[in-house]
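Let's start with one chain on its own, the form predicted alone, as structure tokens.
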């Protein structure tokens, strides 16, 4: 029982019968104790949200969607289970579907849909997918057990974005769940869901299934957490922009945080932070190409060798340039601008200042820009829209040869803003035109 791994499979990995059989092959190829965390089948959570909302005014439409969800899971069972277990699996699905229909009718009767009610409604996505997969395992004589994550992932009552109570979770997992490995090789658990101290269903919000895997890994003292998705790890750039994008072998959680902040579709860093801080490595792997190496995410990068390893881009960003009043204290003026933006929940992506200028980048619509220029009539305010290109690596600023290569690649393009060395791993460029070409040229420096 010393070697326990946590394996999480996202919605695309369990989307249909062939995908689930693929997951079955992956987990059975690893000969160790494992806790397998599953998301809802791809698209099912969105359908449940839609059904819940329709429950208020159009109960007929809600029931149609629920029936569609039912048929989807039953089709998977029909295509994967041939023994008498098929009827048990179908019966379990029917039980859940009846509960969903009854709850939908309750919402319609009460004419109320609270965040607490929505959490309960959407929790059935994971309950359905794990039930189907559990019976696939039983069909294939796998020594497995299905648990209810509501019994172990104990949270506060912030419905829709619940926060875990780590002390209670660790106690319950160590005392009640970990001993199950004495009897079973494989434990199946729902991602995304938990319950509060009163036993009411909660959900963990964005990246919830990754978060579940991280929490379980931490509580179990797992040797490794595997996040299985539909891409082969974290890429050096968006493959839709750079065909030559490669998989990055190893990254730190700070790298992931920067890439996520600046537009890359990678793991949400807060969801994996608990496990990383506990020293548990996380691998990002491809369900549909399991032989590929993927990316390992760790807390610290042991090496200090300068290296550029990835590029992301945040499109439709506004650069605001405030020309400050030189007769007034520049710091007080900047504080006033920042307070204005903070009060309106405008997230600043980057900023720089001098005695006469303050430049910042944010995602703004036309109305917000007009409000800002109307508020600060004492200043000249320039607003320019473009793309913010983020370069992530290790000690980029320390490598003069690397900086020379980067400069050479972009020297013939009009770059409206360059800020090298914001921290040890991050640099930014702002481009109004030719973004795709600029990214491709910068990417050519990776590995050169």
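These numbers come from a predicted model, not from an experiment. Numbering follows the first chain given and starts at 1.
Beyond the structure shown, there is the form predicted in complex with a small molecule, which is absent from this document and is the topic of what follows.
Colleague: Note which of 124, 135, 192, 152 lies within 4.5 Å of the small molecule in the predicted complex, where distance is taken over heavy atoms; exactly one does.
Modeller: Result of the distance check: 192.
Colleague: By the heavy atom within 4.5 Å rule, which residue out of 158, 75, 98, 206 makes contact with the small molecule in the predicted complex?
Modeller: Checked against the cut-off, the match is 206.
Colleague: Going by heavy atoms within 4.5 Å, which of 33-41, 59-67, 407-415, 393-401 lines up against the small molecule in the predicted complex?
Modeller: Among the listed stretches, the partner-contacting one is 33-41.
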